[in-house]
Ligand code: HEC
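Here you get one chain, nothing else, as structure tokens; it is the form predicted alone.
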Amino acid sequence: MLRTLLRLVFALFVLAALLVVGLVVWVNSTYQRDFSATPLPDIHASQDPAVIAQGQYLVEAVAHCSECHRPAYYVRKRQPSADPTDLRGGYAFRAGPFGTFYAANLSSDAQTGIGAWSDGQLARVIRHGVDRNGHFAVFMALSIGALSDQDLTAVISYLRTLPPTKNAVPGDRWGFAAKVLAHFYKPHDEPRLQHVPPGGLSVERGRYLANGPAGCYTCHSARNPFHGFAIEGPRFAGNPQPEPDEADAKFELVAPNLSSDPVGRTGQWSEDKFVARFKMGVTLRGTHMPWESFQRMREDDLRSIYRYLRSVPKVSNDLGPSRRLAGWKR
């Protein structure tokens, strides 16, 4: 009787081990799904100086592209680059069990940069998070909002003017957790936002910036990784999922509530304090907020964002300190 029971336990153990091995093999062989059917947006670079200038403002400030794609030294030091046109990339985002992901070289170099990419391929990776090989581009999919056709054209027009810089960036190294979650990803296909051109203060301009190129909601809203990383719950209510503080592993960070509720940032800060905080730039090591870029934003745009955030429904969602000891409990 005992021998039979031991055989049964052993058989169940072997079966469980085979299932685990099979799952690991399946995840590793299927995580890089083919999204090449995602259409290339009908976007074409312009040589109009005004369009290029708007693209530069978006890349260096609002859309904060330079935050990640500037030389790795400056990203690590949380310092503005000595040459804002040097977007050679290479910074390694180490995400624990999710893997290590590298900021791409955005210079016009044909071998190591985007010189060989078409305008449509660049537009697709920015808008849909799908690279030119049809694969899921993790950080592009999760770090920027929906740009209007006008601003997407401006960004690509400016990137085309960057000088070539040879810098071979390693390929992303996906961890097992990222490979599992990749099976739930669906390429972004949000409705295009109505373009609101710069100039003057307005709630409409703030709405476009916060939901579009500035991408405030991408960090300050909860996401469901098992539903294609879709926003879960009210936008701008904060993201309760903590992330490690890159400057000190003893701490963790959460993206706070931005609503006008008394526990939200715009509920606590006046418009002048909001603008002043952005203009201060980096004051805290380890923060994931792209202050170096956002401090370059025009005052009218910052005030427009504040006024829009004050207009969104209040959400009483107190997430506690935005930087706290890892494992913090209320």
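The numbering used is simple: start at 1 and walk along the sequence shown. Keep in mind that what you see is a predicted model, and the values were worked out from it rather than measured.
Missing here is the form predicted together with this ligand; even so, the following discussion is about that form.
- Site residues Gln47, Thr85 and Arg160 are none of them in contact with this ligand in the model of the complex, judged by any heavy atom within 4.5 Å.
- This chain is displayed without this ligand, yet in the model of the complex the stretch 132-140 from 132-140, 77-85, 196-204, 178-186 comes within 4.5 Å of it by heavy atoms.
- In the model of the complex, Ala53 stays away from this ligand, with no heavy atom inside 4.5 Å.
- In the model of the complex, Trp269 approaches this ligand with a heavy atom inside 4.5 Å.
- The closest heavy atom approach of Thr38 to this ligand in the model of the complex falls outside 4.5 Å.
- Using a 4.5 angstroms limit between non-hydrogen atoms, Ala276 is distant from this ligand in the model of the complex.
- Of the residues in 287-320, those that come within 4.5 Å of this ligand in the model of the complex through at least one heavy atom are, in sequence order, Thr287, His288, Met289, Pro290, Trp291, Phe294, Met297, Ile305, Leu309.
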